[in-house]
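Only one chain is given next, in structure tokens, and it is the form predicted on its own.
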């Protein structure tokens, strides 16, 4: 993408892209068209998995289809995000292994490998999944919510780390560590590139992340509220724009605490958990089904709506092709303006 002024970092160098901006892993419903739009804008789009209650073999086939759809929509690098929370024995769940395997298998196709450059893992330690990914040629990015997790992930051999502050939507942390605390702690603790996430919606956030030592930023909720996410029901973006500051709540999700906007489904979930009427497998299926009901079908009451605290500051839809370079231009303007504050005393 032609660009008169860009921000060059280790993130852009490693991936061969224009802008140090990444779309977070979302879902569980698909994000193929959004991922392609973000990648076409010169950033890094991310394809989400089909869901965790899919039978592993069927889910892997469906994910391969998502990857092929994305390849048909962009010739730029993109990522796939796979949650890899481990069981009590340290093993990757069957669905996670199937999805990671599908990504690794996909890049054996030379044409796919030109585009599918990154796998992001989250929701648990990366070591077990790392064994499956190593040697595939994929850039392995792992998402953490704490400095000790970042150090461990770096030791496990991941290529980049997403440091996600407590403000972020979806899965968050049992011990709240906010973005402005987490970012500099992680960038000081590891040598690999760091992508900062949580509460970022524009160029000011990008400039701040760079000042904290990060090499890029990842945005989720901001990209959901765009014209380029037609795989999801329009009501989801409308609900984000209608949110007020402080509307978000934290509940117990598939891998621990998660941040979402209020809905009847969360009240129903609280009653189910209090009454103990479902076992763990049934609860997982309930949550997965209700997440998809919100994203695919627009069920704003019966569905679960992951979203970040930044929802309360989002009041419009954006065109990704304009938003991404505009965000970089704003960050550059902020950095230039800060330079003018210097004076000799």
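In this text, all values refer to a predicted model and were calculated from it rather than measured experimentally. Positions refer to the first chain, counted from 1.
Omitted here: the form predicted in complex with a small molecule. The next part is about that form.
Proximity to the small molecule in the model of the complex holds for all of 25, 219 and 308, with the criterion being a heavy atom within 4.5 Å.
The shortest heavy atom separation between residue 119 and the small molecule in the model of the complex exceeds 4.5 Å. The small molecule in the model of the complex comes within 4.5 Å of a heavy atom belonging to residue 236. Contact check for residue 170: a heavy atom falls within 4.5 Å of the small molecule in the model of the complex. When contacts are judged by a 4.5 Å heavy atom cut-off, residue 126 does not count as touching the small molecule in the model of the complex.
None of 32-40, 272-280, 61-69, 299-307 except one has non-hydrogen atoms within 4.5 angstroms of the small molecule in the model of the complex; the exception is 299-307. Just one of 145, 183, 205, 83 comes within 4.5 Å of the small molecule in the model of the complex, counting any heavy atom, and that one is 83.
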